[in-house]
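Presented below, as structure tokens, is a lone chain in the form predicted on its own.
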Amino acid sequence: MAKQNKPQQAPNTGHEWDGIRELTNPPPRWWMISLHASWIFCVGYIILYPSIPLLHESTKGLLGWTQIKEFKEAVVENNAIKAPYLKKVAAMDGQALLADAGMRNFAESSAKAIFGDNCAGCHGAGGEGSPGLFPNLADDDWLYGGDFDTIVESIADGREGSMPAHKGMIDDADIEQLADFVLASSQGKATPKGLALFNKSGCADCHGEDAKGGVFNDLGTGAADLTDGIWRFGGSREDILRTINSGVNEDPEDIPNTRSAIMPAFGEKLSPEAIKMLAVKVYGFGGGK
């Protein structure tokens, strides 16, 4: 006859709570093995790796390993792999770099982190910009030119827009009509009367007699195209009125409502190779036109 377990007769410590007795049975073997393996592992880890915090640092461990050391070693290894490619980037002109599929892929991949660190805060991760604040790099609309060399120049030297405030220079009634004309032009509904006022007011000197503007150049001429529906500072009537009245990059102490259009220069912060690779990425955003 099989032996029957008799829980009530099992040895106990004499402690009892609400009818529950504390027995003296040993814990399962797997539990004890796990317990001892845990403290052995901890002791080994403390001996081999930095573990115990001291006043100014921690214990070094026999292996001398740290996350910072591992990171620096990985950076050195990565730089060694990239070095020959960076030499090629430095030696190639823009057209050659864009035409070489392998090198272009390297440049765009490398520029992803550079763009994220230096450009995405304003222009967005995909170059989409921020309406009313920062230009869209992906819309094929280039105020300063979208060829490779010009993009390199824009990144290295920065850009600063300019438009005078017309409040007080032009009658308020005419400014209202000019805003209507600019808005109508963007919708393909401009009238000859509005165009006549546009030219009479001197707007054509920068934006052209057809309001199509032109790329900024070394002579200081050029302005935004007012007919393409692409807006740097917003396309509502209120936005247009503000831009006409308060201008761009005027002294904010004199004209608090002026627009700000300044891009910092990165020529001293980034290496020439980094700027080239950034230019490849930006070129790809907007089709390079």
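In case it trips you up, residue 1 is the first one in the sequence shown, and so on. Predicted, not measured: the structure shown is a model, and the values here were computed from it.
One more form of this protein exists, namely the form predicted in complex with a small molecule; it is left out here, but the text below deals with it.
K.L.:
State yes or no: in the predicted bound form, is some non-hydrogen atom of residue 176 no more than 4.5 angstroms from a non-hydrogen atom of the small molecule?
P.N.:
Residue 176: no contact with the small molecule in the predicted bound form.
K.L.:
Using the partner position in the predicted bound form, report whether residue 230 sits within 4.5 Å of the small molecule, counting heavy atoms only.
P.N.:
Close contact exists here: in the predicted bound form, residue 230 approaches the small molecule to within 4.5 Å, heavy atoms only.
K.L.:
Given that the small molecule is not shown alongside this chain, does residue 246 nevertheless sit within 4.5 Å of it in the predicted bound form, heavy atom to heavy atom?
P.N.:
Output for residue 246 is no: heavy atoms all beyond 4.5 Å of the small molecule.
K.L.:
Please determine whether residue 133 contacts the small molecule in the predicted bound form, using a 4.5 Å cut-off between heavy atoms.
P.N.:
The answer is yes: residue 133 has a heavy atom within 4.5 Å of the small molecule.
K.L.:
If we take heavy atoms and a 4.5 Å cut-off, which stretch out of 96-104, 187-195, 113-121, 78-86 is in contact with the small molecule in the predicted bound form?
P.N.:
Among the candidates, contact is made by 113-121.
K.L.:
Just one of 68, 32, 40, 262 has a heavy atom within 4.5 Å of the small molecule in the predicted bound form. Which one?
P.N.:
Of the listed residues, the single hit is 262.
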